[in-house]
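The chain below stands alone and is given as C-alpha cells, in the form predicted alone.
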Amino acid sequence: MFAFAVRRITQAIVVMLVISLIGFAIKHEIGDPVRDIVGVSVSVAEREALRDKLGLNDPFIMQYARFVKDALHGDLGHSFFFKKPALDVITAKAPATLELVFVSSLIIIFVSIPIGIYTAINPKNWFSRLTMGVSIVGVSIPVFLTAIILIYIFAVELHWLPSYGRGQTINIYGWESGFFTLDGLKHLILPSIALSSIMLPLFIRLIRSEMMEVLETEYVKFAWAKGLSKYRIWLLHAFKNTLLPVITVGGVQLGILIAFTILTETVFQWQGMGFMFLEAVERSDTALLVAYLIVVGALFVVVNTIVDIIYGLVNPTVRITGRK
C-alpha cells in the first residue's frame, strides 16, 4: 500500500508541474507585468531597465524555475486590479465556493444513494421508470438554464427564496460563512440545487446500474440462499461493493463540480472563485487568472489523489506494486 501511495503522490506532483507550466506559459505570453506597473508616460529605456530588474528578459526556463520556487512559497503573482497578492484574493473568495460545493455534494450524496438503491431493487416500478426518464432530461439541461428556471419559480413567482447574493454572513476565525445565519442558508438553497443538478442524474444512474450488476452476482445469490435478511443483503453485501466505482467517479466529478461553479456563481451573483474568475477575464488580470488555474488544478489533483489512495485501501484487488 505504501508503494501505491508513493506512486500516486508522484503522479500528482508531475501533474501539478504540468499545470504550473501551462499557467506560466499563459502568463509569459499574454501578461506584461511592466505594463501593469508603469504608466504610459514611462520611456522605452526605463521600461527595459525595469524588465531587466524583474528578470523578464531571462531565458524561459529560468523564469519558470523562479515561478515554481515562488509558488512553493505561496507567491502566485500580484493582482493588478485588487492591488494585492493573487493568492490572498482567491483565499478571500474560496469560502463561498467551498460552501456551495459542500452543500451540493451533500445533496448529491443523500438524494442519489437512496434513489439509486431503490431503482436498482425495483427496476420496473413506476417511480423507477419516471426517475430514469427525468435523469436523462436532467443530464441534458445545462446548469445555467436550471438556475434560471429555479429563480423564476421560487424567487420571481413564489417569492420563497432570494435569487442572488450570499445574504448575511458572519466571520468565524477569518472564514466568511453563511452557514450560521438564516438569511445565508436561504441564499444557499437555490445555487446548491442548481449546481447539484449537474451530477445528480449521473450518480443516480451510476449507483442503479452498478447495484443491479452486483445483485446478479453469485455471492449475493448465495446470501439469499443462506436466508439472510433482505436489508442486510441489499445494504451490506450489494451496496458496499457498489461503492467502489462510485468512489472513483465521485472523486473526478468533485473536481469538475468546483470548475462548474463558474456558471452557477455567475447566474446567482455568488461572490466566489468562479465569479472572481470571470471578473479577472473581463479585466485581463492575467496574474489572477493563472493563480486561479493553479489553485483549482491543485484542488482537483489533491482530491483525486486522496480518492485513489482510499480506493486502494477499500479495494483489496488493487495491485499496489504492479501495473494497476
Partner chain sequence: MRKKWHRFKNSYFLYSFKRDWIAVASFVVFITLVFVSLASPVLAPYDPYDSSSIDVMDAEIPPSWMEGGEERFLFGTDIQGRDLLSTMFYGMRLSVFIGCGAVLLQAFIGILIGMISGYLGGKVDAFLMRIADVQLSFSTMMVAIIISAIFQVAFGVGRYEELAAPLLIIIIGLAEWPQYARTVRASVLGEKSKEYVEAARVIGLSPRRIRWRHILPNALSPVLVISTIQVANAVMSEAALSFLGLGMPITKPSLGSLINAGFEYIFSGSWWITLFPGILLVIFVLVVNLLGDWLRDVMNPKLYKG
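Numbering follows the first chain given and starts at 1. This is a predicted model, so every value here is computed, not measured.
The form predicted in complex with its partner chain is left out here; the points below concern that form.
- In the model of the complex, T266 approaches its partner chain with a heavy atom inside 4.5 Å.
- Q11 belongs to the set of residues with a heavy atom inside 4.5 Å of its partner chain in the model of the complex.
- In the model of the complex, its partner chain lies within 4.5 Å of some heavy atom of S163.
- Using a 4.5 Å cutoff between non-hydrogen atoms, I170 does not count as a contact of its partner chain in the model of the complex.
- Among F180, F144, F110, F127, the residue placing a heavy atom within 4.5 Å of its partner chain in the model of the complex is F144.
- The three marked residues, V15, I151 and I262, each reach its partner chain in the model of the complex, with a heavy atom inside 4.5 Å.
- Note that among 130-138, 97-105, 111-119, 183-191, the stretch whose heavy atoms approach its partner chain to within 4.5 Å in the model of the complex is 130-138.
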